[in-house]
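Quick heads-up: it's one chain on its own, the form predicted alone, in structure tokens.
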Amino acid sequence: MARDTKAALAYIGPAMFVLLIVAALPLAVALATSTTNWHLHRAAQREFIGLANYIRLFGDPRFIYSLRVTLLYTAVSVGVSMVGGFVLALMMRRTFPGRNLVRALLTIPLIMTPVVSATMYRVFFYDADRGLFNWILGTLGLPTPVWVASWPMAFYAICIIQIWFMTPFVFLVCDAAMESLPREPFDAAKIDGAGYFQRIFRLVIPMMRDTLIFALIFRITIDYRMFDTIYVTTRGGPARYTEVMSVWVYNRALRSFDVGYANAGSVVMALVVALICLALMMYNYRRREAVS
């Protein structure tokens, strides 16, 4: 047993060390500095103030609004991409000419960096005068909005980019999971007269629950802390309507230079997403225990 433990530590030790450096250490620093009055304009005057920054947070309307925008943005982008990726995976179950080519094309958004995706949409799709979306709307005789400079179009704009960017990830996860599903339950369901949607809701989704929960948690952690796409597209505007928590932390730390207060916000941000993911894992665990 001791030999197996040593061998396991030898394999996971380097990864755990890297994780400690890039994740645990910054979190510890954020926790420590969130209890101080640390302002970069007077960095030498840092002092311990306890929970004052956290009390200040929940009396700050701008922070509360950024929390609401973050949760709404995460719910919309994650929800649509989960449904879209699952539906695409179902469509790829059918055999048709060029299916592998379509699969490859569907992964193109995923291989692009978020900054490139956001810049492409902002320049080629969202431009008020020459953007593709407004050209199509104008051709159809419909109103042409100012996508990134008006509410709620700016919110829709950042959601569209993230849905386009991350739906291929959900598709790949669901497609791989569907490939591994056994065929016997589906053949038996067909013999019993179960329809297509009955097979999806009674067989496919329950058998893929673990995979879907994994994809959902991954998607939440990605979208909840999204910064680069939103900053490139709207910079949190117009009038801070799309200022999600990551942009709020950036503005407080690197524009207002109130690092202690910004770190308190980042800690709250981490706690909220941790509680959401923990609730999903507990739900999945209880469902698994109930089934077994």
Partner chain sequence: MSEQVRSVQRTRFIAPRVERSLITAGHALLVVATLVAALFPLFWVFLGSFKLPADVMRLPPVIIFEPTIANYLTVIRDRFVFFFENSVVISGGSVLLTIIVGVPAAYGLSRLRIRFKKTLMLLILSVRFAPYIIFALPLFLIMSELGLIGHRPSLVVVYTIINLPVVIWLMRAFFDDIPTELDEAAAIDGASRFRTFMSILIPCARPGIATVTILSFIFAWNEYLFALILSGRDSQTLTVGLTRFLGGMEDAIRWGQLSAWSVAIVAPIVILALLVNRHLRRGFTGGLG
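Take the two forms, find the largest set of C-alpha atoms that superpose within 1.5 Å, and that set is the rigid core. Positions refer to the first chain, counted from 1. Because the structure is predicted, anything quoted here is derived from the model rather than measured.
There is also a form predicted together with the partner chain; it is not shown, and the following applies to it.
In summary, the region of this chain contacting the partner chain in the predicted complex, judged by heavy atoms within 4.5 Å and restricted to 71 to 79, 148 to 156, 110 to 118, 200 to 208, corresponds to 110 to 118. Interface residue among A253, L57, I49, L67, judged by heavy atoms within 4.5 Å of the partner chain in the predicted complex: A253. By the criterion of a heavy atom within 4.5 Å, L140 is excluded from the residues contacting the partner chain in the predicted complex. In the predicted complex, the partner chain stays beyond 4.5 Å of every heavy atom belonging to F63. Within 4.5 Å of some heavy atom of the partner chain in the predicted complex lies at least one heavy atom of M16. When contacts are judged by a 4.5 Å heavy atom cut-off, D4 counts as touching the partner chain in the predicted complex. In the predicted complex, the residues of 7 to 27 lying within 4.5 Å of the partner chain by at least one heavy atom are, in order, A7, A8, Y11, I12, P14, A15, M16, V18, L19, I21, V22, A23, L25, P26, L27. With the core superposed, F17 shows a C-alpha displacement of at least 2 Å between the shown form and the other one.
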